[in-house]
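Coming up is one lone chain in structure tokens, specifically the form predicted alone.
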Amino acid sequence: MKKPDKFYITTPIYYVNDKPHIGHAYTTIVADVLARFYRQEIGDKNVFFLTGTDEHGVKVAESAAKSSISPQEFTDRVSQEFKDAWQNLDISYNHFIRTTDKEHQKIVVDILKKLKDKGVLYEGDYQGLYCVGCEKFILESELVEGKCPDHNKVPEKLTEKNWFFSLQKFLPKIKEAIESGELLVYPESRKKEVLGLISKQALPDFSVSRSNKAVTWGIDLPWDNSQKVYVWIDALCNYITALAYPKGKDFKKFWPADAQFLGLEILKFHAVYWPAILLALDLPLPKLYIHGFFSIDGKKMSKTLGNVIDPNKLVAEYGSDVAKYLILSQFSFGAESDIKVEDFPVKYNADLVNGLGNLINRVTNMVEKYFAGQIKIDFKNTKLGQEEIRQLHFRESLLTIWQVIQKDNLLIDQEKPWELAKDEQNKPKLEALLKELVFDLYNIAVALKPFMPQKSQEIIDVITAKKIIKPQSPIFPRLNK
């Protein structure tokens, strides 16, 4: 497969009404792995990784009021919590955008003006349902027993004068772009879901503004001082405002996005509304990658149940590299799956202590003992697990790597190098065996770099040193659990 010239990766920007949890972490870790992988492939300057926080809207203003502080103070505090969490997880983003950034707000205003000049915005009355929890208008067909399926609350009935985007004009183009692959929606099940939304539901034109009476915390609509820019339009624009659309050198180099990661709950906004805006602006369309919902130990993640997992606690217990491994190795990207937190200690000991850690200790100990740490290796990257990463099969990449770890531990048990070392005539066979094992360790470490950058470098440093010796302390110490 030909290497790309550039690679632009985004996460959704996370709403500051919530603290960082494992759901946010999963999406961000996936993006980080891909960013690190392509930096190895095409160089740091050719990869741009964006994340950030979504900071406007009714819920933010309400939460700030409850805390007796201004909305700006509130967003400053929570946005910093996301930055701190990503620093703890060693997330290598290039830019952290905030929708309260002055430059972002300026470009959003310019985008809205441009859309109005193109004749795709019009003023009208909205009568319908609105979920405050989602900060979105909701169709009656989307309700479950009359309630929002995400918040289990009856939506408000609103009558409001707003500005609307002429979505109906763009639906045939969006459908055609999805079917042709111009607008990639992955996995296939989500592609079919979006096509079903377009074909089976009468998707109405959507609001790009809300009344100042309903929304006090947001960007003013430039030509109508009675309106604020609808929080979702504000948020979606971040993917191009971060690149200084339309004239910024980063925008010219990196757009369209090569991988926009998002959760299933925001599929419609990203796979219908966002492409419509881009088509109206005459911009090329991105690639969208959607992961499914996941539960925690078989139960839906919720504050009420108390099973919301703080990624900072995982880092405190395991370190950033191991926390990322434990999260990504649980299930395949795109699938709806269950995170079994209770299995983390068992998996850590099995995979990293008894598997990889044991292999490192055995091999380095034997090279040190039988060859005084001196063994000549022509190190080459065998590209172990790399094709799986290109296909966004992150768990499968890890499984491929672990097959080599298991193969090598079994090989040691079968060949019994400690027996070979007893007879000088077996020295060439022993050396060949240890060369193979050290060579494999190198490629295992290289393959793990996008997933566990710090631990993999520790392994590389040990086996590429002038003298290979067993690490004084285990790279993966055993948990006392």
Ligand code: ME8
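Everything quoted here is computed from the prediction, not taken from an experiment. One rule holds for the numbers: they count along the sequence shown, beginning at 1.
Quick note: we don't show the form predicted together with this ligand, though the next part is all about it.
- This ligand is not shown here, and in the model of the complex it never comes within 4.5 Å of any heavy atom of Ile459.
- Heavy atoms of Thr75 never reach within 4.5 Å of this ligand in the model of the complex, leaving it off the interface.
- Under a 4.5 angstroms non-hydrogen atom cutoff, this ligand in the model of the complex has Gly292 among its neighbouring residues.
- Contact check for Ser320: no non-hydrogen atom falls within 4.5 Å of this ligand in the model of the complex.
- Leu262 is the sole member of Val109, Ile198, Leu262, Val353 with a non-hydrogen atom within 4.5 Å of this ligand in the model of the complex.
- With the partner omitted here, the residue from Val315, Ala177, Ile266, Leu143 that has a non-hydrogen atom within 4.5 angstroms of this ligand in the model of the complex is Ile266.
- Picking from 392 to 400, 234 to 242, 181 to 189, 116 to 124 the stretch near this ligand in the model of the complex, with a 4.5 Å limit on heavy atoms, gives 234 to 242.
- Scanning 12 to 31 for heavy atoms within 4.5 Å of this ligand in the model of the complex gives Pro12, Ile13, Tyr14, Tyr15, His21, Gly23, His24, Thr27 in sequence order.
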